[in-house]
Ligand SMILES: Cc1cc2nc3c(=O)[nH]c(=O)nc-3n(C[C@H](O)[C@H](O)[C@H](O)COP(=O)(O)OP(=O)(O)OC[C@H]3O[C@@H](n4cnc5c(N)ncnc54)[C@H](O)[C@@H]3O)c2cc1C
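In structure tokens, one chain follows: the form predicted on its own.
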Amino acid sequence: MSLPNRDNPYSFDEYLRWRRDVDYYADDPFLQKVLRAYAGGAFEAADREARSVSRKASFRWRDLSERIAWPENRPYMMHFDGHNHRIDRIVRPAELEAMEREVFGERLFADSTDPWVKLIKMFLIYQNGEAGIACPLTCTEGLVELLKKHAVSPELLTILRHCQEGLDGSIAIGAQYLSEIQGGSDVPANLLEAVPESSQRAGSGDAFRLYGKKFFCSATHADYAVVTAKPTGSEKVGLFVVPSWLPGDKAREVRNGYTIDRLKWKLGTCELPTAEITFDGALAYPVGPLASGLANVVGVVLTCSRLTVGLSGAAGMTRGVREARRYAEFRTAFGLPLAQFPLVAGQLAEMQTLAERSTAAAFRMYRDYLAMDGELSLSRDEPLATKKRRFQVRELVMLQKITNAWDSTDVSRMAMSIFGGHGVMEDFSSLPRLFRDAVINEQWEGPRNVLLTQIHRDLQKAAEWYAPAELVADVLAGAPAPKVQALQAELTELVSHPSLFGLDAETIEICRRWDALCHRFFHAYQDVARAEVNAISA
């Protein structure tokens, strides 16, 4: 019982002190175990770099991420200067620009940066949500990987060096503009036109000029963008790199032949400028064979982005469950800490499982992705065993994207519920912002239904040389036999259905089962990874 006290002494300070002082890496033994399990000989260097960057991500960058999230600090457009010159300036808070310089100053995509150092740093950075940083990071990574494979012209090699090592004291930021108003994921339906450059301007090389509109352009403040367009008279989608400014024009705020029409008003990732753009003669450099643009988008650019969605989902879950668990230990109700209520304890255990298995699988998959040299195309001539391994990674990347994006919204919602009414207060915790960012990730780089359909088609096409049952056995090696056998039987049955495009009752039911099966299948893979981590690190 308690008596009235008009000077209520209750305080959240104990919990806030813990939250203020927690170190994302040093205070996370499981994450350290995951890195040790999969980084191999790179562990010591990655561990050392993780401890260093965590002191930035856990404190300064965390605080900056919270500050820039306030509505009054969101980006806005200045289309004209005071002299009626079109400038299309994206105004962002100084705190975001400072954090961006510091994060990109880590030189994550330099040749000298070990892939495992890059991965663990990105995981720690992503625990702060989008924060205007996550999307530019992965878009830059996709641009760098694309140019490492296909840059041959002096212009593209300069852009690659700018993104990796920096030029004139700054490291460049990349973006990707694929979606058009008639269909976001339907890239083959693009209408943006690429016209061969007719002038003999020095250095123009095989340049093109772009004309038309793009409807979802995130990281619009970037220095360079990967853009899909169809060359004049062709139905094939080509891939181009477009500088935001031509040499000497950035200081004068003269855009490279395009206008930023407006910024989108989004549910989440609000610190990140996403715009509608009209191209009217933008100079663009083709990347790779023009007829292979779509293959390079999917095989390189979207693969990097989908890996990042999986990684950032795991990072967000890790932070959410950590803060919810500590709050449940601190907060009391009806004379008991929340963590001692069975419903809460069960919820926390479920959240912990989701976070740990997502993290373990993200690192395990990255190991296997690196073993494939970051190349998931099946067109090369190679031994069947290697082709099968490449196919596994290709499908798991998509499965991870949709699973972690879905699970991270669940974990964010459950974490907010632990906080009760405080869980939805934007000035009480970061959870509402992380939840909104997680919802955006569900749509980014292929919504769930699009990727589920693609996976079904891929498995059908590969069935002659890689039976679904064999795929399940390979992916889930080490899982309990009854679980493997059940998944083998159902996957084989559902892949045998001719198509997911029928509107008959049978196909609709097949689609429902396919959605649920893919979620269970990837959770089983995550459980194998989690068990592997605990076994290796025991």
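All of these numbers come straight from a predicted model, not from anything done at the bench. Don't overthink the numbering: it's just position in the shown sequence, from 1.
What follows is about the form predicted in complex with this ligand, which we do not show.
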Could you confirm whether Arg92 comes within 4.5 Å of this ligand in the predicted complex, counting heavy atoms only? no
Taking the shortest heavy atom distance, is Gln176 within 4.5 Å of this ligand in the predicted complex? yes
With the partner left out of view, is Gln340 within 4.5 angstroms of this ligand in the predicted complex by any non-hydrogen atom? no
With a cut-off of 4.5 Å between heavy atoms, is Ser218 one of the residues that contacts this ligand in the predicted complex? yes
Candidate site Thr269, Gln443 and Thr453: all three near this ligand in the predicted complex by heavy atom within 4.5 Å: yes
The stretch from 445-453, 68-76, 154-162, 321-329 that lies within 4.5 Å of this ligand in the predicted complex, judged by heavy atoms, is 445-453
Contact with this ligand in the predicted complex, heavy atom within 4.5 Å, among Gly248, Pro188, Pro383, Gly183 goes to Gly183
Heavy atom within 4.5 Å of this ligand in the predicted complex, from candidates Gln347, Ser430, Asn296, Thr274, belongs to Thr274
